[in-house]
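Two separate entries follow, structure 1 and structure 2, each one form of the same protein chain as structure tokens.
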Structure 1
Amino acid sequence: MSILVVTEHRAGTWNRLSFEALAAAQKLAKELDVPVDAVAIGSGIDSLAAELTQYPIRTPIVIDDPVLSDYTPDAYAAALEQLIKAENPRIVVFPHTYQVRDFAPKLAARFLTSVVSDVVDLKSSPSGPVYVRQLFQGKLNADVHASGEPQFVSVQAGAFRAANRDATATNPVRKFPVQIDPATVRSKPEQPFREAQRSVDLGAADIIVAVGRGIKEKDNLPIVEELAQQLGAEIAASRPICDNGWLPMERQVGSSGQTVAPKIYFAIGISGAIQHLVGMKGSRTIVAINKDESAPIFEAADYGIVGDLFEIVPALTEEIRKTKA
């Protein structure tokens, strides 16, 4: 028995959510005392598959077939069905992406089960893993118990910090041959779905300085923008700031904005509504600055500063400037 991670890539580049899914699988594996395998799917992807050997995975698997050169739900479901029947994993973990949402239900139906989607946390219980999902835009958490095996689970972006490479990993790639009749692939590949073009991808930022309604008015934004400049950070915002047009909507973090997981996240003048926390809770280190000591943001913060942001932020910016001089 094992846990199987289904990775995702496009145009020769990994989707970073693949390694967040791997981190979730590692957490499950530790609780269940089972190994983790991972599979890459496509055609001519030997170099990508080789990268999987750099992660703490028992068996990096590659399914390489011309029929899989372009993504189609029929071909992916058929390929993974053959692999799962051969490997018999206990749990199959996916990143929660548009592509997974397209084919994973089809795949799960072939095993007469469903997908526990958009999981944000994992718990253990005597009866097996408990998958935590959020309801009503994060206002409620639901504990979900899945029955039968294999169990299919997709992991929400930013819910788990991406797994780290392991320099000592030496497990070789194993190729898994599949038999897919091209005639059974009913859909024809078209241009992949693309979200609205953004001038900035906050999800790729290492440092983010986010501002909330505590900034009071648009004319005060330069205070936090200067801090972001000194840190080499991207500027972001909670929804009220973007709704007011003070920053473009592409800078919004939260359930109706971008989901981020930077190394450092500064939450300045942000109260910490659940809709915002959903988008940034995967940050490695959270620094909150707020004058309200009971603000919910402090419950999520690693470091909290209670005080007036108009005094604290300029002082912090000046200290950072001195260290760079």
Structure 2
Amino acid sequence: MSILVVTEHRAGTWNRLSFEALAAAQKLAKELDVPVDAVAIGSGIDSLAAELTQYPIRTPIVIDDPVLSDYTPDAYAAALEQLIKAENPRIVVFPHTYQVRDFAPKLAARFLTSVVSDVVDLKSSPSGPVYVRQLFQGKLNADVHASGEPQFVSVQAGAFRAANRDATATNPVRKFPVQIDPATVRSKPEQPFREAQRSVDLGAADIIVAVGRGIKEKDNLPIVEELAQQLGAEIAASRPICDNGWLPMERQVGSSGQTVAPKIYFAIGISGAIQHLVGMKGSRTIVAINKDESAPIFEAADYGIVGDLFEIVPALTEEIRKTKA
């Protein structure tokens, strides 16, 4: 009986969300008074797996097999199914990454359940852990209960502070051999690639003015462009603006776009979905302008104005112009 953390890495580097999942697992483990194990999956990852020994983990497990060298949902689900059947963990904790979205529901389905996905907090109850997850793109939360075991839980980025190394940790890595017939792996992945080189590096900008669907039409963009110009800021956007082709893709901020950390980030007519927040949460000061006072962006903001951006933005541009004069 344990909590099992499934870690993630790409090309020899950890996905840091692995250690946020570990932190969530530690919290659950303390509550349930069970140990935490963690598994790394891949091929030729001995040295990476060895790093797990430096964390407070009872058993760092490595599944190392040539069939796992490129990620595929078939091989990953098969490997973890074998491990889970052998170890019987009470709860399996994943970071909520794109890769986890791809295979974890398949794995959970083999245990006749789904994943409690995108968990942001944990509570306890007499009948076991209560998972807090978001609904309606972060506008509401739900307290969720899962029946039976093992339970499968994925943890939202930024919801738990990453677990630290523990200087006294010494538990050695254990290898878990798996039997996977390569013929059962149906998808044939090619090498990941990036689209054309980016011509703007939003990561280097001091001030960013970002615009979302609240702007309604492409023709309205000049009102935010004028604010950006007055501030000497770069323009950025939420995904739908780039999907519509109103601004180039390279100006998209978020999990599938750029990650930025300017001194000031203006979020204008952006609701604050998690996939956007992960790309800009590290900004020093965040200003949100939104007509919906319950928009999740206000949770991330240092300063907010609730109201119509079509009134507020021009007034703000004017105010800044006056201040500079």
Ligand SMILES: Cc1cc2nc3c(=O)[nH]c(=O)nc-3n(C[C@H](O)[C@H](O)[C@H](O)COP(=O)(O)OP(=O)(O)OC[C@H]3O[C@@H](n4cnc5c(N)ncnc54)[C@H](O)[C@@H]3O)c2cc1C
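One-based numbering along structure 1's sequence throughout. Whichever C-alpha set is largest while still superposing within 1.5 Å between the two forms counts as the rigid core. These figures come from a predicted structure and were not determined experimentally.
- Between the two copies of this chain, it is structure 2 that is the form predicted together with the named molecule.
- Once both forms are overlaid on the rigid core, the distance between the two CA positions of S256 between the two structures is 2 angstroms or more.
- In this overlay on the rigid core, H96 has a C-alpha that sits less than 2 Å away from its partner position between the two structures.
- After superposition on the rigid core, the Cα of R110 moves by less than 2 Å between the two structures.
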